[in-house]
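Read the single chain below, which is given as structure tokens and is the form predicted alone.
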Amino acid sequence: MTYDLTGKRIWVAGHRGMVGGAVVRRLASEECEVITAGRDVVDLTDQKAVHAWMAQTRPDAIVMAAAKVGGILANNSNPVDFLYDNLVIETNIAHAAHENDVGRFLFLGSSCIYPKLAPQPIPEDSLLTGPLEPTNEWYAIAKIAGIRLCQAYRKQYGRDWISAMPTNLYGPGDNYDLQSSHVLPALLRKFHEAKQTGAKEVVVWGSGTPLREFLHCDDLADALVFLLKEYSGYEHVNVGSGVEVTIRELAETIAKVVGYDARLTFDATKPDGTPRKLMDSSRLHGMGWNRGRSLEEGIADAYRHFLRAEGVAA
């Protein structure tokens, strides 16, 4: 299956987020028209507004990157927001897409959809085979519902809709707020601020032993465009780098990129989350996509964008 993007009107929902912005950048090299709409144009939690806007705009395809996202602290503190908001956004967009005969729909999930103790690397078929990680189950349940919704439209109405499951992401446009960010951007900010203030230590949540996989958002965007063109299947597809590091190793790599050798202190009173999370991306790689950059190279790019956004010197 090949879906030709030439001349197509493609709506990137959530274009102001890290992933949506990366998809917009990647689609700029394709011969298609990229459609975007901020909250000032259409409120994605308002069903009537979403239907009216889509009926007027008539996209040919949608990349569904709009979501309420956050780290462990944000998920634990705001379970209603992460469950309700994401359910409303994805159901509003999917239903309006069906009503307006949108031919292609690419839904983005998250690696947190998998059971806490899933086999490693995590294959796509481990979905719903065990309990979720409690610290982010609200977000995960919403994303699982989104995957099943795409499959339901495919099964009942023959819609050529697909889902992709990214691993942990980072890069330009990331959230660096220490109260709501994920581990990589949080550590990047912590090391930068330690360098600026001359602090002797950087505190890392948890034991530092959990294993994680990270993918630069621009690499994800390239994989998503590849799937939009080349994949048509019922099952969701994992998108990962295939490389895992401990949180300690991640912190050490960030310290190297930032250029500041602070002492690492691990706060064992904070949760570790899932002990290990590596995606099995062999299905995607078997289709012919495997173009991720190294972690150090990717973090260096993220740090350059962070400095530019903050308007500060290295």
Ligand code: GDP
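All of these numbers come straight from a predicted model, not from anything done at the bench. Don't overthink the numbering: it's just position in the shown sequence, from 1.
FYI, the form predicted in complex with the named molecule isn't displayed, but the following is about it.
J.: Identify which of 92, 175, 136, 86 has a heavy atom within 4.5 Å of the named molecule in the predicted bound form; exactly one of them does.
T.: None of the others qualify; the residue that does is 136.
J.: Give me the residue from 116, 236, 212, 189 that has a heavy atom within 4.5 Å of the named molecule in the predicted bound form.
T.: Result of the distance check: 212.
J.: Contact with the named molecule in the predicted bound form for residue 71, defined as at least one heavy atom pair within 4.5 Å: yes or no?
T.: Result yes; residue 71 sits at the interface with the named molecule in the predicted bound form.
J.: Indicate whether the named molecule has at least one heavy atom within 4.5 Å of a heavy atom of residue 216 in the predicted bound form.
T.: Judged by the heavy-atom cut-off of 4.5 Å, residue 216 is well away from the named molecule in the predicted bound form.
J.: Although the partner isn't part of this model, could you tell me whether residue 26 comes within 4.5 Å of the named molecule in the predicted bound form, counting any heavy atom of the residue?
T.: Answer no; every heavy atom of residue 26 is more than 4.5 Å from the named molecule in the predicted bound form.
J.: Residue 205 near the named molecule in the predicted bound form, any heavy atom under 4.5 Å?
T.: Residue 205 belongs to the contact set for the named molecule.
J.: Look at the stretches 197 to 205, 120 to 128, 154 to 162, 77 to 85 and give the one with heavy atoms within 4.5 Å of the named molecule in the predicted bound form.
T.: Stretch with heavy atoms near the partner: 197 to 205.
J.: Can you tell me which residues in 159 to 174 come within 4.5 angstroms of the named molecule in the predicted bound form, by heavy atoms?
T.: The stretch touches the partner through 168 alone.
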